[in-house]
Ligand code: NAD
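Only one chain is shown below, in structure tokens, and it's the form predicted alone.
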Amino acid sequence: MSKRITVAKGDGIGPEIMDTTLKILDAAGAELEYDFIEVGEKVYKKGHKSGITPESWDTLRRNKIFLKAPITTPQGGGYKSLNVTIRKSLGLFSNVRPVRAYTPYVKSNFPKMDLVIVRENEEDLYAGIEHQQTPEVIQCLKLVSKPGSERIIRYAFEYARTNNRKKVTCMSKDNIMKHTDGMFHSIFDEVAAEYPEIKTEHKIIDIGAALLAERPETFDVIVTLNLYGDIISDIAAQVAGSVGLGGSANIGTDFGMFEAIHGSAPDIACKGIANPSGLINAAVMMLVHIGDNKTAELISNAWLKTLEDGYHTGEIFNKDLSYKKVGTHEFADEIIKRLGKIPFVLTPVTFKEGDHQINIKISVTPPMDKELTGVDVFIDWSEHGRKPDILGKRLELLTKSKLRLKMITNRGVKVYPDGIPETFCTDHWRCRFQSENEIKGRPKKGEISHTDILTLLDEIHHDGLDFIKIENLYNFSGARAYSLGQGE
């Protein structure tokens, strides 16, 4: 029985690499039917700010599998990333990017490189929640949830177990972001204990990225947060030899989207020289996901044999190793000629049954005692040479509520009380208010209420200060659930 999927040809080189990919799928006997939708640049310019029409959403919901060529997002404000919109709207929480070296046919300094990056796909800074709060300061909220973290981490371990991978590496920046990245690392350690047969390690993202560029063969499966995963995926693909060869899968509970990792490359569109390999490899991942492992193996091994026989597109052509430089369509024709053959030098691909069947169960977060202990009030203030002592003394006069000023920070650094004059200050001030007992280390449970915060804000307003944002300070089950200021 054939499977109906949704297909978008995209922009730039998208239509030509999609046509060749579908030609290969059909020649290999993939039992697929296609519903084509238009997404991307033309749709944006018709007034759909997300790059997709309501009718296309209906098609995606019906078919649940989406093979997408690269798209172009028009420059200028107001246009939202279609990829991010689809990933978040359809719950595609896991971005999976296998990266392998194909030496000697594709130049790489790391011939043993063979890893998979599993990237959280919905949260982190890619939530896209930004606000300009003062003339000088813009914020972007980093949102990390326990269910989102556990889901992607469990997926990484299940992927490793299913695909006979031996090690999972977590990458985060929890030495700085102790609450968001710290929670991600903590959940990784908890989940890892359930997979004793798999080796685990944690790397701070900066040294982890450096090691990935220097010794990628030491990694197997990497799981990380959204932004870090986006960055290291391209590092890994480039180190392997070419970003143009990589495909990716975006997997959710009910939906899957498959695409090349490269962009639409409008500068080479319609020239017949684009390498379709990234989209071909994405289509192979799609076939595995829907359970057609045999066709996936057929295409993947024919592709490897084509590389091995030296038929290469321009960006990987090497006069010492390549047999012939070919264009987009000729490259596809050479793959079709090799369907049923396997590579001799490169390791043939096999997919065991069940590779696509990864089901994730998320733990229920137990109830926690939540206690309000204070508030951070963010103020836009640039008077009197921006001297924090002046602002601090002014805020200390506010006494109508139970809340008292504890400290002021600027860009996270404590500047009042006892700041140093060398600290550069913008017009954006975080002013922390807590009860006198809390400040003196003698907290009383339930001492602060929302009414106290409202009273404080009203007093700040009537004093002529512009508060732009607040963040309530909480303890959860007795543990502080907010960061200290640098120098506090």
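Since the structure is predicted, the reported quantities are computational estimates derived from the model, not experimental observations. Just count from 1 along the sequence shown to find any residue number.
Below, we refer to the form predicted together with nicotinamide-adenine-dinucleotide (NAD), which is not included among the displayed structures.
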**Fill in**
The one residue among V137, I268, V239, A209 placing a heavy atom within 4.5 Å of nicotinamide-adenine-dinucleotide (NAD) in the predicted complex is I268
**Complete:** In this chain shown alone, the residue from N301, S264, T169, N226 with a heavy atom within 4.5 Å of nicotinamide-adenine-dinucleotide (NAD) in the predicted complex is S264
**Asked** Does D380 reach nicotinamide-adenine-dinucleotide (NAD) in the predicted complex if we count a contact as any heavy atom within 4.5 Å?
**Response** no
**Message:** Is S233 near nicotinamide-adenine-dinucleotide (NAD)? Define near as a heavy atom within 4.5 Å, in the predicted complex.
**Reply:** no
**Message:** So, E259 and nicotinamide-adenine-dinucleotide (NAD): in the predicted complex, are they within 4.5 Å at any heavy atom pair?
**Reply:** yes
**Distance check, N275 to nicotinamide-adenine-dinucleotide (NAD) in the predicted complex, heavy atom within 4.5 Å** = yes
**Prompt:** Based on heavy atom distances of at most 4.5 Å to nicotinamide-adenine-dinucleotide (NAD) in the predicted complex, which listed stretch, 444-452, 49-57, 23-31, 63-71, is the contact stretch?
**Reply:** 63-71
**Message:** Just to make sure I understand: among 299-316, which residues lie within 4.5 Å of nicotinamide-adenine-dinucleotide (NAD) in the predicted complex, judging by heavy atoms?
**Reply:** E315
